[in-house]
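Consider the single chain below, provided in C-alpha coordinates and representing the form predicted on its own.
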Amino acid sequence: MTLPLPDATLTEAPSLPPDQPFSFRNARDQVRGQVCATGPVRPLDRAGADTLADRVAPFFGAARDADDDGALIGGALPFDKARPDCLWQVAGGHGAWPGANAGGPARSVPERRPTRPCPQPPATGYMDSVARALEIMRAERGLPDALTKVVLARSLLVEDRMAFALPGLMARLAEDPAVTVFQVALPQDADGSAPRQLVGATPELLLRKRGDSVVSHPLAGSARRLDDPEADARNANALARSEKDRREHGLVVEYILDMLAPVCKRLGTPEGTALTTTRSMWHIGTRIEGRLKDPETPAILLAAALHPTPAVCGLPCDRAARLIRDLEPVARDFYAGAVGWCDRRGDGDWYVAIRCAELCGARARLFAGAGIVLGSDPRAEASETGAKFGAFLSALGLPPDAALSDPSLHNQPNG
(Lines give C-alpha, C1' and ligand atoms only; values in the text may rest on other atoms or scores of the structure.)
Protein backbone atom coordinates (compact mmCIF):
# COMPACT_ATOMS: atom_id res chain seq x y z
CA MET A 1 0.00 0.00 0.00
CA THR A 2 1.25 3.49 -0.85
CA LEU A 3 0.52 6.44 1.41
CA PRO A 4 1.15 10.10 0.54
CA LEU A 5 3.74 10.57 3.27
CA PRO A 6 6.14 13.51 3.45
CA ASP A 7 9.88 13.07 3.50
CA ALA A 8 11.34 13.17 6.98
CA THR A 9 13.46 16.10 8.07
CA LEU A 10 16.82 14.56 8.92
CA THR A 11 18.34 15.85 12.13
CA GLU A 12 20.24 14.41 15.03
CA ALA A 13 18.18 12.47 17.56
CA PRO A 14 16.61 14.91 20.05
CA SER A 15 18.24 15.21 23.45
CA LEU A 16 16.20 14.58 26.57
CA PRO A 17 16.88 14.30 30.28
CA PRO A 18 16.28 10.73 31.52
CA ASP A 19 13.07 9.31 32.99
CA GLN A 20 10.60 11.70 31.37
CA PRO A 21 7.00 10.47 31.56
CA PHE A 22 4.89 9.69 28.52
CA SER A 23 1.17 9.32 29.10
CA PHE A 24 -2.29 9.37 27.52
CA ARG A 25 -5.53 8.98 29.41
CA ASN A 26 -9.22 9.12 28.55
CA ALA A 27 -12.43 7.41 29.63
CA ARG A 28 -11.65 4.50 27.29
CA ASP A 29 -7.97 3.78 27.77
CA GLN A 30 -4.78 4.58 29.68
CA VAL A 31 -1.28 4.36 28.27
CA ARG A 32 1.87 5.36 30.10
CA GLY A 33 5.62 4.92 29.90
CA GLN A 34 9.04 6.41 30.45
CA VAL A 35 11.31 7.95 27.85
CA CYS A 36 15.04 7.61 28.51
CA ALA A 37 17.98 9.33 26.86
CA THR A 38 20.36 6.45 27.54
CA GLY A 39 20.13 2.72 28.10
CA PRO A 40 17.97 0.20 26.25
CA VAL A 41 15.21 2.73 25.51
CA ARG A 42 16.55 5.43 23.19
CA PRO A 43 15.22 8.19 20.99
CA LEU A 44 14.59 7.05 17.44
CA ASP A 45 17.71 6.95 15.31
CA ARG A 46 17.23 9.17 12.27
CA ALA A 47 20.55 8.27 10.66
CA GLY A 48 20.18 6.93 7.14
CA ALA A 49 16.39 7.12 7.13
CA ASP A 50 14.74 8.93 4.24
CA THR A 51 11.09 8.80 5.27
CA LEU A 52 9.01 8.41 8.39
CA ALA A 53 8.21 4.84 7.34
CA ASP A 54 11.96 4.07 7.08
CA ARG A 55 12.65 5.49 10.52
CA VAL A 56 9.90 3.64 12.37
CA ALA A 57 10.37 0.27 10.62
CA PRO A 58 13.29 -0.85 12.86
CA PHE A 59 11.17 -0.30 15.96
CA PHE A 60 8.34 -2.51 14.73
CA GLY A 61 10.74 -5.20 13.53
CA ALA A 62 12.68 -5.34 16.80
CA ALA A 63 9.57 -5.19 19.02
CA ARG A 64 7.89 -8.00 17.12
CA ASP A 65 11.02 -10.14 17.16
CA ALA A 66 11.33 -9.65 20.92
CA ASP A 67 7.59 -10.24 21.42
CA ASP A 68 7.66 -7.20 23.71
CA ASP A 69 4.10 -6.18 24.59
CA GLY A 70 5.38 -3.21 26.59
CA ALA A 71 7.23 -1.60 23.69
CA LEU A 72 5.71 1.63 22.42
CA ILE A 73 6.65 4.27 19.93
CA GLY A 74 5.10 7.69 20.31
CA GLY A 75 5.45 11.41 20.65
CA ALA A 76 4.50 14.42 18.59
CA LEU A 77 4.34 15.40 14.93
CA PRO A 78 4.69 19.17 14.31
CA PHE A 79 2.06 21.23 12.54
CA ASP A 80 4.57 22.08 9.79
CA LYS A 81 5.61 18.83 8.12
CA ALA A 82 8.88 20.41 7.04
CA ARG A 83 9.93 20.67 10.71
CA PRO A 84 11.49 17.77 12.66
CA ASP A 85 9.13 15.51 14.54
CA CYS A 86 9.69 14.32 18.11
CA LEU A 87 9.24 10.56 18.33
CA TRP A 88 10.57 8.34 21.11
CA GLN A 89 10.85 4.70 21.92
CA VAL A 90 8.98 4.24 25.18
CA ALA A 91 9.09 1.55 27.85
CA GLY A 92 5.52 1.23 29.04
CA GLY A 93 2.11 -0.03 28.04
CA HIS A 94 -1.50 -0.03 29.12
CA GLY A 95 -1.85 0.37 32.85
CA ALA A 96 -2.52 2.57 35.84
CA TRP A 97 -2.32 6.31 35.44
CA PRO A 98 0.89 7.55 37.09
CA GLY A 99 0.22 9.74 40.06
CA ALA A 100 -3.57 9.33 39.88
CA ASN A 101 -5.71 8.59 42.90
CA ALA A 102 -8.16 6.10 41.37
CA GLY A 103 -11.69 7.02 42.28
CA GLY A 104 -10.57 10.07 44.26
CA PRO A 105 -10.80 13.78 43.57
CA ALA A 106 -8.30 15.57 41.40
CA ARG A 107 -5.64 17.56 43.18
CA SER A 108 -6.71 21.07 44.15
CA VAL A 109 -5.48 24.09 42.28
CA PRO A 110 -2.48 25.65 44.06
CA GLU A 111 -3.07 28.90 45.90
CA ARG A 112 -0.30 30.69 44.03
CA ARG A 113 -1.38 32.61 40.96
CA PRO A 114 0.64 33.08 37.77
CA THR A 115 1.11 36.48 36.21
CA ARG A 116 -1.61 37.89 33.98
CA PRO A 117 -1.64 35.97 30.66
CA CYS A 118 -0.10 37.78 27.70
CA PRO A 119 -2.03 37.16 24.43
CA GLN A 120 0.02 37.05 21.22
CA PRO A 121 -1.53 38.64 19.25
CA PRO A 122 -4.11 40.52 21.32
CA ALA A 123 -7.69 40.32 20.15
CA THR A 124 -7.41 43.38 17.88
CA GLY A 125 -4.43 41.91 16.04
CA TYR A 126 -6.17 38.56 15.73
CA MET A 127 -9.32 40.20 14.34
CA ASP A 128 -7.19 42.04 11.78
CA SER A 129 -5.75 38.68 10.64
CA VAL A 130 -9.23 37.17 10.35
CA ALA A 131 -10.39 40.17 8.31
CA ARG A 132 -7.38 39.78 6.00
CA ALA A 133 -8.16 36.09 5.45
CA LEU A 134 -11.78 36.93 4.64
CA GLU A 135 -10.66 39.55 2.11
CA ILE A 136 -8.59 36.89 0.33
CA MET A 137 -11.49 34.42 0.30
CA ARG A 138 -13.91 36.99 -1.10
CA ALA A 139 -11.43 38.04 -3.81
CA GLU A 140 -10.83 34.42 -4.85
CA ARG A 141 -14.40 33.17 -4.66
CA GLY A 142 -15.22 31.03 -7.70
CA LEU A 143 -11.60 30.72 -8.85
CA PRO A 144 -9.84 27.32 -9.17
CA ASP A 145 -7.95 26.43 -5.97
CA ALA A 146 -9.52 29.38 -4.16
CA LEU A 147 -8.88 29.58 -0.42
CA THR A 148 -12.08 28.30 1.21
CA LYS A 149 -10.95 27.89 4.83
CA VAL A 150 -8.03 28.82 7.05
CA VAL A 151 -7.59 28.09 10.76
CA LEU A 152 -5.95 31.01 12.53
CA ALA A 153 -4.52 30.61 16.01
CA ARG A 154 -3.14 32.82 18.73
CA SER A 155 -1.11 32.01 21.82
CA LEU A 156 -1.26 32.97 25.49
CA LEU A 157 1.94 33.21 27.52
CA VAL A 158 1.64 32.49 31.26
CA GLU A 159 4.62 32.83 33.60
CA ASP A 160 4.89 32.05 37.30
CA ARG A 161 7.56 32.30 39.97
CA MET A 162 7.68 28.53 40.49
CA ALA A 163 7.68 25.59 38.08
CA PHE A 164 4.27 24.15 37.30
CA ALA A 165 3.55 20.80 39.01
CA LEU A 166 2.62 18.47 36.16
CA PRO A 167 0.94 15.61 38.09
CA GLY A 168 -1.60 17.94 39.67
CA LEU A 169 -2.13 19.85 36.43
CA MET A 170 -2.85 16.65 34.51
CA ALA A 171 -5.18 15.36 37.20
CA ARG A 172 -7.22 18.56 36.97
CA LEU A 173 -7.35 18.38 33.16
CA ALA A 174 -8.54 14.78 33.42
CA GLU A 175 -11.66 15.80 35.37
CA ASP A 176 -13.37 16.23 31.98
CA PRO A 177 -14.31 12.71 30.76
CA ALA A 178 -14.78 13.93 27.17
CA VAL A 179 -11.08 14.68 26.55
CA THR A 180 -7.83 12.77 26.23
CA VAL A 181 -5.17 14.12 28.57
CA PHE A 182 -1.62 13.73 27.31
CA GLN A 183 1.95 14.46 28.31
CA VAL A 184 4.75 14.18 25.75
CA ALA A 185 8.37 15.09 26.35
CA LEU A 186 9.93 17.50 23.86
CA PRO A 187 13.65 17.88 23.10
CA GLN A 188 15.59 19.82 25.69
CA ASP A 189 16.56 23.36 24.68
CA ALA A 190 20.16 23.90 23.67
CA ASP A 191 20.76 26.05 26.75
CA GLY A 192 20.02 23.07 29.01
CA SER A 193 17.01 24.73 30.66
CA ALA A 194 14.16 22.84 32.28
CA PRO A 195 12.70 19.99 30.21
CA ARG A 196 9.95 20.97 27.80
CA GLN A 197 6.66 19.11 27.88
CA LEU A 198 3.65 19.23 25.57
CA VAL A 199 0.63 18.84 27.85
CA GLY A 200 -3.00 19.03 26.86
CA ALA A 201 -6.59 17.83 27.04
CA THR A 202 -7.64 17.27 23.44
CA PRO A 203 -11.22 16.43 22.45
CA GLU A 204 -10.33 15.38 18.88
CA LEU A 205 -9.35 11.88 17.73
CA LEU A 206 -7.30 12.00 14.54
CA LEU A 207 -7.06 8.24 14.09
CA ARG A 208 -7.48 5.05 16.13
CA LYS A 209 -6.36 1.72 14.68
CA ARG A 210 -7.02 -1.77 15.99
CA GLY A 211 -6.20 -4.53 13.50
CA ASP A 212 -7.93 -3.59 10.26
CA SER A 213 -10.37 -1.20 11.98
CA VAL A 214 -9.80 2.56 11.83
CA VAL A 215 -11.79 5.40 13.39
CA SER A 216 -11.47 9.16 13.05
CA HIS A 217 -13.69 11.71 14.81
CA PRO A 218 -13.07 15.20 13.41
CA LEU A 219 -14.48 18.26 15.18
CA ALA A 220 -15.06 21.56 13.41
CA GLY A 221 -17.55 24.23 14.36
CA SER A 222 -17.52 25.32 18.00
CA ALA A 223 -19.46 27.29 20.59
CA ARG A 224 -18.68 28.15 24.21
CA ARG A 225 -20.39 26.28 27.07
CA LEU A 226 -22.25 28.56 29.49
CA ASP A 227 -23.08 28.14 33.18
CA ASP A 228 -26.75 28.99 32.73
CA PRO A 229 -28.51 25.83 31.39
CA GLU A 230 -30.97 27.74 29.22
CA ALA A 231 -28.30 29.96 27.68
CA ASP A 232 -26.07 26.90 27.19
CA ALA A 233 -28.88 25.10 25.34
CA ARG A 234 -29.42 28.15 23.12
CA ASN A 235 -25.72 28.17 22.25
CA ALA A 236 -25.85 24.48 21.36
CA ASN A 237 -28.97 24.89 19.22
CA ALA A 238 -27.50 27.89 17.43
CA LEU A 239 -24.36 25.89 16.61
CA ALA A 240 -26.41 22.93 15.34
CA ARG A 241 -28.38 25.24 13.01
CA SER A 242 -25.40 27.35 11.87
CA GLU A 243 -24.95 27.03 8.09
CA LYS A 244 -21.46 28.51 8.37
CA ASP A 245 -20.31 26.02 11.02
CA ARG A 246 -21.87 23.00 9.28
CA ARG A 247 -20.19 24.03 6.03
CA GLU A 248 -16.86 24.35 7.86
CA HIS A 249 -17.35 20.91 9.40
CA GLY A 250 -18.29 19.32 6.08
CA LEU A 251 -14.99 20.43 4.53
CA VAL A 252 -13.07 18.53 7.21
CA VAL A 253 -15.13 15.34 6.95
CA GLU A 254 -14.88 15.28 3.16
CA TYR A 255 -11.10 15.71 3.35
CA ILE A 256 -10.62 12.80 5.78
CA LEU A 257 -12.91 10.52 3.76
CA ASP A 258 -10.96 11.37 0.59
CA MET A 259 -7.62 10.66 2.30
CA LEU A 260 -8.69 7.34 3.83
CA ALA A 261 -10.65 6.01 0.86
CA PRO A 262 -7.62 4.69 -1.12
CA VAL A 263 -6.40 2.59 1.84
CA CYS A 264 -9.80 1.30 3.02
CA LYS A 265 -12.02 -1.44 1.62
CA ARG A 266 -14.98 -0.03 3.54
CA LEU A 267 -15.50 3.51 4.82
CA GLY A 268 -18.44 5.53 6.08
CA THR A 269 -20.10 7.70 8.73
CA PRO A 270 -22.71 5.33 10.24
CA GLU A 271 -23.66 7.66 13.11
CA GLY A 272 -23.92 10.81 10.99
CA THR A 273 -23.07 14.29 12.26
CA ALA A 274 -24.01 15.39 15.78
CA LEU A 275 -23.09 17.82 18.53
CA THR A 276 -20.42 16.70 20.98
CA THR A 277 -19.36 18.49 24.13
CA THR A 278 -16.55 19.00 26.59
CA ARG A 279 -16.95 20.92 29.85
CA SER A 280 -15.98 24.17 28.14
CA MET A 281 -17.05 23.87 24.48
CA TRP A 282 -19.73 22.54 22.12
CA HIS A 283 -18.50 21.02 18.83
CA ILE A 284 -19.96 19.59 15.64
CA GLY A 285 -18.49 16.10 15.18
CA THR A 286 -18.71 13.16 12.78
CA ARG A 287 -17.43 9.67 13.57
CA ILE A 288 -15.74 8.09 10.53
CA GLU A 289 -15.26 4.30 10.53
CA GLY A 290 -13.34 2.15 8.07
CA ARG A 291 -11.74 -1.21 7.36
CA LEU A 292 -8.17 -1.19 6.05
CA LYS A 293 -7.08 -3.05 2.95
CA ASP A 294 -3.74 -3.73 4.69
CA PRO A 295 -4.12 -4.24 8.47
CA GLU A 296 -0.31 -4.22 8.87
CA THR A 297 -0.11 -0.47 8.19
CA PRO A 298 0.96 1.22 11.47
CA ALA A 299 -1.30 3.86 12.95
CA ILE A 300 1.51 6.40 12.95
CA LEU A 301 1.79 6.28 9.15
CA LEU A 302 -1.96 6.68 8.71
CA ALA A 303 -1.96 9.62 11.14
CA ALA A 304 0.96 11.25 9.30
CA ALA A 305 -0.91 10.90 6.01
CA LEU A 306 -4.02 12.59 7.43
CA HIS A 307 -2.24 15.35 9.31
CA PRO A 308 -2.83 18.29 9.25
CA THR A 309 -6.54 18.16 8.47
CA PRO A 310 -8.59 21.24 7.51
CA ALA A 311 -9.80 21.26 11.15
CA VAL A 312 -6.47 22.84 12.12
CA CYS A 313 -5.10 24.11 8.80
CA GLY A 314 -7.60 24.91 6.04
CA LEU A 315 -8.28 24.28 2.34
CA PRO A 316 -6.40 24.01 0.13
CA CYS A 317 -3.96 22.89 2.83
CA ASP A 318 -0.79 24.24 1.21
CA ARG A 319 -2.35 27.66 0.62
CA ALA A 320 -3.77 27.79 4.13
CA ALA A 321 -0.43 26.78 5.69
CA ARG A 322 1.38 29.59 3.88
CA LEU A 323 -1.17 32.13 5.05
CA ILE A 324 -0.87 30.83 8.62
CA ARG A 325 2.89 31.41 8.52
CA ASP A 326 2.31 34.94 7.21
CA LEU A 327 -0.39 35.98 9.68
CA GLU A 328 0.46 34.24 12.98
CA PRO A 329 3.19 36.00 15.00
CA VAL A 330 4.14 32.90 17.05
CA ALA A 331 5.22 29.67 15.35
CA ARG A 332 2.93 26.75 16.17
CA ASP A 333 5.70 24.19 16.71
CA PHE A 334 3.77 21.10 17.92
CA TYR A 335 0.46 22.87 18.52
CA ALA A 336 -2.13 21.65 15.95
CA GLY A 337 0.18 18.76 15.17
CA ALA A 338 -0.55 15.19 16.20
CA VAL A 339 0.28 13.35 19.40
CA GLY A 340 -0.06 9.66 20.08
CA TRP A 341 1.43 6.21 20.27
CA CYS A 342 1.70 2.80 18.55
CA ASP A 343 2.36 -0.63 20.02
CA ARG A 344 4.48 -3.34 18.39
CA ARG A 345 1.54 -4.47 16.22
CA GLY A 346 1.09 -0.99 14.79
CA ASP A 347 -2.16 -0.45 16.67
CA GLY A 348 -2.48 2.87 18.41
CA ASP A 349 -4.20 6.20 18.95
CA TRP A 350 -3.27 9.59 17.51
CA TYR A 351 -4.94 12.84 18.50
CA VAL A 352 -5.01 16.40 17.21
CA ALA A 353 -2.76 18.47 19.50
CA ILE A 354 -5.24 21.16 20.52
CA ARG A 355 -6.28 22.58 23.93
CA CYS A 356 -2.64 22.18 24.88
CA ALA A 357 0.38 24.12 26.09
CA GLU A 358 4.12 23.83 25.92
CA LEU A 359 5.47 23.90 29.48
CA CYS A 360 9.04 24.66 30.44
CA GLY A 361 9.63 25.19 34.15
CA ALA A 362 7.57 28.18 35.24
CA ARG A 363 6.53 29.16 31.71
CA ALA A 364 3.48 27.90 29.81
CA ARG A 365 2.55 28.87 26.26
CA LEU A 366 -1.08 28.03 25.43
CA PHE A 367 -2.55 27.94 21.93
CA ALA A 368 -6.08 28.12 20.52
CA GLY A 369 -7.46 28.53 17.01
CA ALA A 370 -10.69 29.05 15.09
CA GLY A 371 -11.73 28.03 11.59
CA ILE A 372 -12.31 30.97 9.23
CA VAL A 373 -14.69 30.59 6.27
CA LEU A 374 -16.86 33.05 4.37
CA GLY A 375 -19.46 34.22 6.87
CA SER A 376 -17.04 34.24 9.83
CA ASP A 377 -17.11 37.28 12.10
CA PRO A 378 -13.67 38.46 13.32
CA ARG A 379 -14.87 39.46 16.79
CA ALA A 380 -16.76 36.17 17.29
CA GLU A 381 -13.69 34.18 16.19
CA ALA A 382 -11.50 36.09 18.66
CA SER A 383 -13.99 35.29 21.43
CA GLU A 384 -13.98 31.63 20.41
CA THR A 385 -10.20 31.39 20.78
CA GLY A 386 -10.48 33.02 24.20
CA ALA A 387 -13.09 30.47 25.29
CA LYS A 388 -10.91 27.59 24.10
CA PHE A 389 -8.16 28.66 26.53
CA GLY A 390 -10.59 28.21 29.42
CA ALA A 391 -10.04 24.59 30.50
CA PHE A 392 -6.26 24.91 30.58
CA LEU A 393 -6.37 28.28 32.35
CA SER A 394 -8.59 26.74 35.06
CA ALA A 395 -6.12 23.89 35.52
CA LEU A 396 -3.31 26.43 35.94
CA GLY A 397 -5.27 28.26 38.64
CA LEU A 398 -6.45 31.20 36.54
CA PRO A 399 -10.05 32.24 35.83
CA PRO A 400 -11.25 30.36 32.72
CA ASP A 401 -12.38 33.63 31.16
CA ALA A 402 -9.03 35.36 31.70
CA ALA A 403 -8.34 35.34 27.97
CA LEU A 404 -11.75 36.90 27.32
CA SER A 405 -10.85 39.93 29.46
CA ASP A 406 -8.81 41.39 26.60
CA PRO A 407 -10.11 45.01 26.41
CA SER A 408 -10.07 44.92 22.62
CA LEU A 409 -12.90 42.36 22.71
CA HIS A 410 -15.15 44.93 24.38
CA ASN A 411 -14.32 47.95 22.24
CA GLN A 412 -14.11 46.52 18.76
CA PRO A 413 -17.01 46.75 16.30
CA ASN A 414 -18.14 43.67 14.41
CA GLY A 415 -16.85 43.22 10.90
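All figures in this text were calculated on a predicted structure; none of them were measured in a lab. In case it trips you up, residue 1 is the first one in the sequence shown, and so on.
Absent from the display: the form predicted together with a small molecule. The rest refers to it.
The single contact residue among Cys86, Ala303, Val151, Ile73, judged by any heavy atom lying within 4.5 Å of the small molecule in the model of the complex, is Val151. Contact with the small molecule in the model of the complex, judged by any heavy atom within 4.5 Å, is made by just one of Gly200, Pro298, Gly337, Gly221: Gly221.
Stretch 366-374 is the contacting one of 343-351, 366-374, 24-32, 51-59, since its residues have non-hydrogen atoms within 4.5 Å of the small molecule in the model of the complex. Interface residue remark: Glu204 is counted as part of the site for the small molecule in the model of the complex, having a heavy atom within 4.5 Å.
In the model of the complex, the small molecule sits beyond 4.5 Å of every heavy atom of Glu358. Taking the partner from elsewhere, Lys209 is found to have every heavy atom lying beyond 4.5 Å of the small molecule in the model of the complex. In the model of the complex, the small molecule lies within 4.5 Å of some heavy atom of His283. For the three residues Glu248, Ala311 and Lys388, a heavy atom within 4.5 Å of the small molecule turns up in the model of the complex in every case.
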